[in-house]
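In the form predicted on its own, a lone chain appears below as structure tokens.
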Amino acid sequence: MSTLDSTEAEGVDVNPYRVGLYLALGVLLLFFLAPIETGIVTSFKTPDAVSTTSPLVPSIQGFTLQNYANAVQQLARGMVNSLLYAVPATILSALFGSFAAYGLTLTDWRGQVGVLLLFVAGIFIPYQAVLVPLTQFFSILGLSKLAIWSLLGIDNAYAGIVELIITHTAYGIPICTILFRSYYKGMSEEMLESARLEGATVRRAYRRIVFPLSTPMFAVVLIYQFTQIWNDLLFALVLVQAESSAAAPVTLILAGLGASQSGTIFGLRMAGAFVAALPTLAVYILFGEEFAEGVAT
């Protein structure tokens, strides 16, 4: 009986450290979720309800779905434009990053370290530092005046989408290369050596062995790159400039959503923010399992 009593007593004991830890985590959870809850509540309120009720408190009388209907209508063009450059730029930067990482990690050649340092340096170049050279580059290149647009029957206004594809692809290659390189460093060298002994070329070894085994890291890179590109506003603001442009992405339109002479319609703006976030959420859901596997490795 004494042993049983002591066991029950030990089960009832409360660890003050653990209690304090859970309380701190609970407070932090509420702190980080409060803005999301406020945004969701506000997105379902009419302008009058927003001004007369607390941001954290739902309003039954001021409840409306019109904000989401208006947000979808006004953001539809921008979301299509964002997909037109975010998807190709994400895929291209991931592929080029994988190619570069393969050449810098699983092959040996002279000058490899110097090239790797250039990729590392590319990660630390801030967006603001390349804005002027970037605009000058596309101005000199005259990408918006290429005859191919007229041959394809595409309005020259959509040249901004091509510029954004090139910019985000080039800017994403360094970070994708480093991510893939960290993954390839853990790959079995004996397996690749066996492939070489059997006569496999560098290209065939990548296509038959390295690429199929890179699925988890591709999920990580695709999620990371798509999120970064989709949420970018700075490059869109510099290259496309106006939300009225035919090539305006969703972030550019969202920046002015709900603005009027009478004030900002916060319900519409919050609804637009959640609508614009749906593609990134869908990407996380689709590649969530592979993403977890890639991060774990």
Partner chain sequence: MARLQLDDLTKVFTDDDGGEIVAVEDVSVDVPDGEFLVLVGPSGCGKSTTLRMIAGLETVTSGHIRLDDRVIDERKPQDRDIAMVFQSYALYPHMTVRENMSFGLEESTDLPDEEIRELVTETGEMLGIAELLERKPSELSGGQRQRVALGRAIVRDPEVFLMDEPLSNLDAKLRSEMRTELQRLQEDLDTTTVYVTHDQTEAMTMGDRIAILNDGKLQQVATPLEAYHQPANRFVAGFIGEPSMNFFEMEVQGDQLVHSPGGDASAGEFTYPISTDTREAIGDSVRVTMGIRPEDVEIVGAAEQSRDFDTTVDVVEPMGDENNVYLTFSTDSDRTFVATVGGMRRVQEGQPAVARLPEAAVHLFDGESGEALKNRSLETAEMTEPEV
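Small disclaimer: the values here were computed from a predicted structure and weren't measured. Residue numbers count along the first chain shown, from 1.
Keep in mind that the form predicted together with the partner chain is missing from the display, and what follows is about it.
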Candidate stretches 222 to 230, 191 to 199, 172 to 180, 119 to 127, one within 4.5 Å of the partner chain in the predicted complex by heavy atom: 191 to 199
Is there a heavy atom of Ile209 no more than 4.5 Å from a heavy atom of the partner chain in the predicted complex? yes
So in the predicted complex, does Leu213 come within 4.5 Å of the partner chain, heavy atom to heavy atom? yes
So, in the predicted complex, is Arg204 in contact with the partner chain at a 4.5 angstroms heavy atom limit? yes
